[in-house]
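Here we start with a single chain on its own, the form predicted on its own, put down as structure tokens.
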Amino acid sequence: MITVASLTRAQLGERLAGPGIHLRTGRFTTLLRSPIGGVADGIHLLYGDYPLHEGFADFHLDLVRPATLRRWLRPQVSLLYDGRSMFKPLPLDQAFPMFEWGLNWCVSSRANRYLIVHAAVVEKGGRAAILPAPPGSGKSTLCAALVGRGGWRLLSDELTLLRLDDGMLHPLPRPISLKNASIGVIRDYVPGSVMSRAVTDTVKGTVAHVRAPADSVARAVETALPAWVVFPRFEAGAAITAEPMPRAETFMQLAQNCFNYSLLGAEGFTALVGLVERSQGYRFRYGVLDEALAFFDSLPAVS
């Protein structure tokens, strides 16, 4: 199997600037083209373990510099989907984060064979914990700690994919997105992690991405059974609390975090009911990562 790591940085840059690469992430293949050095740097650093394919691609993405007068003073980057510009250009320095955000958009708006929840999801022993939460809740920090030191497998940091036919969770392991203070927290807590350069002044503040564990990438076809739904909230210095939630409340909060629940109609409702019936929901507050990891290892089995 050919992976991104089989290419040198120079070869990767030439491929991206020319015919592009067919990058496989979970079930999806993206044909990515870009002459921008920052994109090649990010792919080379964070996607070395990912396979390269030829032929069909689910998504076609180009990251290019717009040919406007701004390119001389404040250079920008545009993301093209199937050759069309779908978003406002961003500063050129944000080219790699824009690829990550663009690929999230592709999956969340196009992969409607799954019920898609805005949530991290990790697995251990074949059982998965889903972590839905809004930005700033500490979701990605907790996810990075669980896979970096807790022995959990990364299925996804952003998009939980629930199969409609059998209720299994399908992995989409990609780099974990950290923001602002979380970058330093994980750099100290998981010192061996590989992290991209921090990019400042984005719409999300300062962002950096952590490379997904190689084992998680290698097991990208192994599904997992949902067992817990944990709504995390970080509060500095707070004592840990984990309050079990009624199934009806778990259902409603999950539905609010779905991208395509309404679009799927009855199929989405049935899939979400099945997920909630298999899982125990918790309202979870934490202030210390060591305590949070201990809680996840103590989660009771769900029948």
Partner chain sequence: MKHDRLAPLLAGALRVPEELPALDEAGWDLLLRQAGAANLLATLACLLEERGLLDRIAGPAREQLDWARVLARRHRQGVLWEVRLIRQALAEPGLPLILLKGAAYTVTGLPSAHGRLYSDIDVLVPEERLGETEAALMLAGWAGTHHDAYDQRYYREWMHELPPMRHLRRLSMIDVHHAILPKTAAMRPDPALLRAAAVPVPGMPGLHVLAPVDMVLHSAVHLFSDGEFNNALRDLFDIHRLLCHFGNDRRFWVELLPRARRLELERPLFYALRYGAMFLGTPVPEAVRAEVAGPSPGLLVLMDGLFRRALLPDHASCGDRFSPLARFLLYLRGNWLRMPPLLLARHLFHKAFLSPRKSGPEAA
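Numbering follows the first chain given and starts at 1. Since the model is a prediction, treat every value here as computed from it, not as a measurement.
What comes next is about the form predicted together with the partner chain, which is not displayed.
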Checklist entry - Is S262 close enough to touch the partner chain in the predicted complex, meaning at least one heavy atom pair within 4.5 Å? => result yes
Checklist entry - According to a 4.5 angstroms non-hydrogen atom cut-off, is D49 in contact with the partner chain in the predicted complex? => result no
Checklist entry - At the 4.5 Å heavy atom threshold, is R27 in contact with the partner chain in the predicted complex? => result yes
Checklist entry - Could you tell me if D188 has a non-hydrogen atom within 4.5 Å of the partner chain in the predicted complex? => result no
Next on the checklist: Looking at 221 to 229, 204 to 212, 119 to 127, 103 to 111, which stretch has residues with any non-hydrogen atom within 4.5 Å of the partner chain in the predicted complex?
Outcome noted: 103 to 111
Checklist entry - Using a 4.5 Å cut on heavy atoms, which of A242, A57, M245, L45 is close to the partner chain in the predicted complex? => result A57
Checklist outcome for this item: Of the residues spanning 78 to 105, the ones with some heavy atom within 4.5 Å of the partner chain in the predicted complex are D82, R84
